[in-house]
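As a starting point, one isolated chain is supplied in structure tokens, in the form predicted alone.
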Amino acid sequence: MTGKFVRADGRDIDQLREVTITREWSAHAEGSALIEFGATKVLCTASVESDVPRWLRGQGRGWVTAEYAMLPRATNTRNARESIKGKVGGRTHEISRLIGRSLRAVVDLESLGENMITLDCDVLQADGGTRTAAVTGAFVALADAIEWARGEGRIRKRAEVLRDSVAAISVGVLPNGTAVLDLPYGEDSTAGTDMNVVATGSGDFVEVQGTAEGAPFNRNQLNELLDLSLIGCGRLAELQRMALAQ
């Protein structure tokens, strides 16, 4: 699916920004990855604990959860730290839950055993697509943390903890009616329809978040956006595999 329309940054409609995944970015975390979607940069770290939430204890199952945050100068103006405000914002809660749900969709919690893995996704620099970058990078950090736990004897050697990979991407409809993949802030802020899609490496959907601003979108546009999202998530799954194989 290659269109003739060329975007402001020179990309075609179905082309990702340059994506870079740097594993083991943190020297202390059991798994970590710095992921870059163009100018958007998110650090994802995975911490393994030999414990689970109280409501899961004694059931032989593990848990995967996530926390998302933005550094004060991740954007062009400074935002006060939510810890200083004393209240975590609704957007932060929403994205944290999205990341956790997305990762649990591909984890066999029984094979994980009574271990909890927490993914901390911190936005170092934002230029659109921070939540999708966080999901994509968090999977790589999670995979490394699982292998660390296996090496430490906390997970059975042959346990198939990961059933698939998972990644996320943004799609949207520009003011001229063109559907595009992977929107930076300049496109996201003006798009008539904005959608975030989470999908597995095998091409199944985990979550679709779509909103029209002004004019609604029709079924044909929805199909086009979903097709674009699967192209993007498929490419991201390939990049994840390449990163984890190194």
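Predicted model, so just to flag it, every value in this text is computed and none were measured. We number the residues from 1 along the sequence you see.
The form predicted in complex with another copy of the chain is left out here; the points below concern that form.
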Another copy of the chain contact at Leu183 in the predicted bound form, heavy atom, 4.5 Å: no
Ala134: touches another copy of the chain in the predicted bound form, heavy atom cutoff 4.5 angstroms: no
Close approach of Arg101 to another copy of the chain in the predicted bound form, 4.5 Å, heavy atom: yes
Heavy atom of Ser26 within 4.5 Å of another copy of the chain in the predicted bound form: yes
The single option of Asp108, Glu147, Glu82, Glu114 touching another copy of the chain in the predicted bound form, heavy atom within 4.5 Å: Glu82
In the predicted bound form, the one of Ala46, Ala179, Val64, Ile35 near another copy of the chain [non-hydrogen atom within 4.5 angstroms]: Ala46
Stretch from 149-157, 114-122, 134-142, 169-177 whose residues place a heavy atom within 4.5 Å of another copy of the chain in the predicted bound form: 114-122
Sequence-ordered residues of 52-89 touching another copy of the chain in the predicted bound form, heavy atom within 4.5 Å: Glu67, Ala69, Leu71, Pro72, Arg73, Ala74, Thr75, Asn76, Arg78, Arg81, Glu82, Ser83, Ile84, Gly86, Lys87, Val88, Gly89
